[in-house]
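Next up: just one chain, as structure tokens, the form predicted alone.
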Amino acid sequence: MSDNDGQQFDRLPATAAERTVEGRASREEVIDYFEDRFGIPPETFADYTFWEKGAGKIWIYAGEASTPLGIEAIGMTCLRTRQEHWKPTTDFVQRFGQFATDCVIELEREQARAFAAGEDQNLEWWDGDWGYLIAAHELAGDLEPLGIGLYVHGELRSMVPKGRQRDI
């Protein structure tokens, strides 16, 4: 196994068997996670490549590029993997959350406002999984993803980054 170079982008290996950096997720593992946790169909990612820069910061890119890449950014961050529980990013959820069928918590108007403002709230009525959820709200007849939340012990914690929190 080789060492992770946190200053460059490396394309994720297709499978765990092709892994050359210990601890690095594979494309298959990332896609399986999004399908198993959120019900996002694997074909959603057919035209995308996945990259790691740093330790466990996964990026998604609509296209192909050579690897490794010594650039600052490619595509958008989508997932943090080198921690106990993988965590999708707000950007990813707002772009791909529309394809999710599982672990989506639909918030009423005031709950959605509180979530967007970064407030934690007691939501004892949720009877789905604990952990990271996609918080969504109905707008103009469509369920729109707002961001990622962490649901534990009857509380939904907004994971909307401070710089992106809004009073709406």
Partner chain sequence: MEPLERYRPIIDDFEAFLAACERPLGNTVRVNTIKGSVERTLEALADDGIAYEQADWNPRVVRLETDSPGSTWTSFHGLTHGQEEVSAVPPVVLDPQPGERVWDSCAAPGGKATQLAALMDDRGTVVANDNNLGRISALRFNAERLGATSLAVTNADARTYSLKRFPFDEFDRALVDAPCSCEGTIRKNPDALDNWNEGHISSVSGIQKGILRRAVQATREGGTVVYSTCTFAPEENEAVVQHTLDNESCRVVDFDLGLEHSPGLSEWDGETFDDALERAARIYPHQNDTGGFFLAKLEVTAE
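The structure presented is a predicted model; accordingly, all values stated were derived computationally and were not measured. Positions refer to the first chain, counted from 1.
Heads up, the form predicted together with the partner chain isn't pictured, but that's what we're talking about next.
The contact residue chosen from 105, 31, 123, 116 relative to the partner chain in the predicted complex is 116, the criterion being a non-hydrogen atom within 4.5 angstroms. The stretch among 136-144, 38-46, 123-131, 23-31 whose residues place heavy atoms within 4.5 Å of the partner chain in the predicted complex is 136-144.
In the predicted complex, none of the heavy atoms of residue 86 sits within 4.5 Å of a heavy atom of the partner chain. Interface residue remark: residue 65 is counted as part of the site for the partner chain in the predicted complex, having a heavy atom within 4.5 Å. Using a 4.5 Å cutoff between non-hydrogen atoms, residue 79 does not count as a contact of the partner chain in the predicted complex.
With a 4.5 Å cutoff on heavy atoms, residue 50 does not count as touching the partner chain in the predicted complex; it lies far away. With contact defined as any non-hydrogen atom lying within 4.5 angstroms of the partner chain in the predicted complex, the contacting residues in 142-168 are 142, 143, 144, 145, 146, 160, 163, 164, 166, 167, 168, given in sequence order.
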